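Read the single chain below, which is given as structure tokens and is the form predicted on its own.
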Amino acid sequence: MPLIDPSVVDLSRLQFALTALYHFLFVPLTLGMTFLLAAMETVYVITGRQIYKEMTQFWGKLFAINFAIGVATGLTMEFEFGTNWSMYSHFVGDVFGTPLAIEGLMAFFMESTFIGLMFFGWDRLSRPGHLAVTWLTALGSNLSALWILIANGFMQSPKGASFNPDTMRLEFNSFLNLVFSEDAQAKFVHTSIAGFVTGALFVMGISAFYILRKQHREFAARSFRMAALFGVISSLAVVTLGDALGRLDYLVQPTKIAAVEGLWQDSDANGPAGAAAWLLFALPDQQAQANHFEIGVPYVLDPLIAHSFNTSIPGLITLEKQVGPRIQSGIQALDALKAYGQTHDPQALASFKAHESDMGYGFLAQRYAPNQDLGQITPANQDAVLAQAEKDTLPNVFVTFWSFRLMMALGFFFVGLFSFAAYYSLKNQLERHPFLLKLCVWSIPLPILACEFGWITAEAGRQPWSVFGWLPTFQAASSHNLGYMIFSLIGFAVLYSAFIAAELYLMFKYARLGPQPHLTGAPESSPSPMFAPAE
């Protein structure tokens, strides 16, 4: 495969990263709000209390704004695979396109249809009928996330496909292996529950704003309480399931986990197994392959990652050295594949099959071969080529290390915030704790930041691969010219910034307007039993 201009690859990566991160500003709130709306309406149907219907309708209005702009920012991303990542699309389009097609044809249309019924069917459907529509909307939004994360799971841990040397593509061979990939399922659960945390803090923060201003007090108190209880469960679950996802990455992508932990040497290199410190703070130095200013907690790393005190976790230096034989095997695979493409010699095909699983590592070497021709690798230059290719197998350690720690710190912060919020809400003492209420308001954007840091950890930690172990990112891009990439990057940045400005304007506008007063003729500041002193 011919190599693409590195500047074009970098700009393609930057453009996709920006569009994905922009889009993901809206996704978690959509995932979380749908289930909160379904819970509120369930209480309304069971109790018949009008306030819960008003809660569902008001928070549904804010959800609709977020959903509409989320759809607008997400549509362009699927086209980017064809425009900016054409080699990727050719190489894995047979597999990758399947879950995306199912997402569009089933989940997205299901979600979009039921959203219309949810907003315009209040006076046309029975209470149970409308409740069913709301739950189906929540199901549709999360099914949409499922299929997208199945596609992403294939990039992280490719299953359900085999390489065809005649077409030079990974081709679909097992729908079940694709769908039930452990990475896809673990990431779906973790991402969806992170969305629940986002939706819960959004509702709780705006409700806290009303309580501080003594507006819509009964409405705000009940919304706050439901969101706080929902948030306690979700935040505990997201931390617990994050550990399970980390354990899976340790087994499938050891370089990612070593980068996440800033682990250069093996965990038992400086002491007995189980004694390694889990780093609270460090400044990883990729060039020196070491950390500066380490602060850690001993005897935590091994049981946290390997769930054992007797397992040595390989460090980045070890993993870099271990990959040398795979690169040499990959070079043999590509040489055999080239020979087979020219002559269709069965012996060349057999040689390729013997080294097929290492083919992707051969691409890493091609980048540094003389004239990018693997045939020109000789005993005199082989060591230099291998050394450079080995270094490329390590992700950006500083970015991966710190994006993970920021995400994790925010996760534990949410556990504490929701716990205090739920406790004081249940004790009817919220107005006695204005700092807690203010903290809830200030924290509204933090779950979205945590989700962004999570995606940075997952995607930066996967590098240098677009499909782990098979296709390096620098091989996956389209061969555009530099001017086109700069122009399209600026265009996307301007367009998406306009979307965010529209989202913020509409959200602030309708949040400040608040719900319609649910107690006709009652003053906004009238005392409420929700704020009565605890007995």
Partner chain sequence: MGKTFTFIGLFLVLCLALLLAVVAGDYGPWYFAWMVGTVMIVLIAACGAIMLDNQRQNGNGEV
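Residue numbers count along the first chain shown, from 1. Because the structure is a prediction, the values reported are computed rather than measured.
Although it is not shown, the form predicted together with its partner chain is what the next lines describe.
- Message: What I'd like checked is whether Ala186, Ser192 and Glu431 together line its partner chain in the model of the complex, meaning each has a non-hydrogen atom within 4.5 Å of it.
- Response: Affirmative, all three are within 4.5 Å.
- The single option of Ala348, Leu394, Ile102, Met226 touching its partner chain in the model of the complex, heavy atom within 4.5 Å: Exactly one residue meets the criterion: Met226.
- Out of Asp266, Asp94, Glu182, Glu356, which one falls within 4.5 Å of its partner chain in the model of the complex, going by heavy atoms? So the residue touching its partner chain in the model of the complex, by this definition, is Glu182.
- Can you say which of 63-71, 472-480, 505-513, 49-57 gets within 4.5 Å of its partner chain in the model of the complex, counting heavy atoms only? Of the options given, it is 49-57.
- Could you confirm whether Asn142 comes within 4.5 Å of its partner chain in the model of the complex, counting heavy atoms only? Answer yes; at least one heavy atom of Asn142 falls within 4.5 Å of its partner chain in the model of the complex.
- Task: Report yes if any heavy atom of Leu279 sits within 4.5 Å of a heavy atom of its partner chain in the model of the complex; otherwise report no.
- Result: Because no heavy atom of Leu279 falls inside 4.5 Å of its partner chain in the model of the complex, the answer is no.
- Close approach of Ile448 to its partner chain in the model of the complex, 4.5 Å, heavy atom: Outside the cut-off, so no.
- Task: Decide whether Ile150 counts as a contact residue for its partner chain in the model of the complex under a heavy atom distance cut-off of 4.5 Å.
- Result: Although its partner chain is absent here, Ile150 would touch it in the model of the complex, with heavy atoms inside 4.5 Å.
- May I ask you to list the residues of 217-235 that have any heavy atom within 4.5 angstroms of its partner chain in the model of the complex, in sequence order? Sequence-ordered list: Arg217, Glu218, Ala221, Arg222, Arg225, Met226, Leu229, Phe230, Ile233, Ser234.
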